[in-house]
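Below you'll find only one chain, the form predicted on its own, shown as structure tokens.
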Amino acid sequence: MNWGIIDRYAKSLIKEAGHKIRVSFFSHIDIDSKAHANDLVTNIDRDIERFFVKRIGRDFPDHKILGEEGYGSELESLKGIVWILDPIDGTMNFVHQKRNFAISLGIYADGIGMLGYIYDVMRDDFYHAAKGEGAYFNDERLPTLETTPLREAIIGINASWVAPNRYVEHEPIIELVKSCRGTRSYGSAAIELAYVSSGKIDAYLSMRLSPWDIAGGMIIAQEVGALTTTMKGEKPRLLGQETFIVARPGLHKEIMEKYICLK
């Protein structure tokens, strides 16, 4: 498999999709909800996923696609080459803010992440990585992450996990928030993964993420030494919703051992 060719192809496809998204702001955007009223999807999400599916299907017919909007393949495993795509990660931001959303793409071979991409469309910021070859922000190689103690760390976390919820004991999470230097929430798992990878924040955790939320960002994060696991400390399976944490080395262990108590 010539991963260099696939890498160049994927980058070109993502940039073309980003242009289509920016142009879409000059047209009508239809907004629907999915699982609940705040789980938004737009005609642009669907159009961009169909664009990827059509092009990949034409040029790489033996590859499979797992996409958020369901236009790709129905998968029971990650056998073969699988493109895991979120056409717009952060749809609520896309709708309300017209920024702070990203295209997220991970390309896997028999379950191993080979190529990862996060494209912050409105900032034209491109995070990308190839397995074993390092991670990059635009054309600049990202350095390996150093350890950071919790007291000096910025943690990415949604405020809903500090309130009572059905996934995790919230009292230890409150202590986590009190013990770190500060918290941030950007409304896009892909962007938060990109920010951990580039050292803008030090950890990100969520109790419920889908494969397309993290597939691209995991590859990038791992190339700079970040640890990416479920809240049970396991490798994400990328076939359904899971808990998730990405953090600098050392900080990952501190958070997991002291503050994570799943229900």
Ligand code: 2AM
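In case it trips you up, residue 1 is the first one in the sequence shown, and so on. The structure presented is a predicted model; accordingly, all values stated were derived computationally and were not measured.
Omitted here: the form predicted together with this ligand. The next part is about that form.
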- [ ] Go through Q222, T42, T229, S210 and name the one with a heavy atom inside 4.5 Å of this ligand in the model of the complex.
- [x] S210
Task: Q241 within 4.5 Å of this ligand in the model of the complex, heavy atoms - done: yes
- [ ] Would you please decide whether G134 lies within 4.5 angstroms of this ligand in the model of the complex, comparing each non-hydrogen atom pair?
- [x] no
TODO: May I ask you to check whether T183 falls inside a 4.5 Å heavy atom distance of this ligand in the model of the complex?
DONE: no
TODO: With heavy atoms only and a cut-off of 4.5 Å, decide whether A189 touches this ligand in the model of the complex.
DONE: yes
TODO: Pick the stretch from 59-67, 202-210, 46-54, 22-30 whose residues have a heavy atom within 4.5 Å of this ligand in the model of the complex.
DONE: 202-210
Task: Residues in 122-160 with any heavy atom within 4.5 Å of this ligand in the model of the complex - done: N158
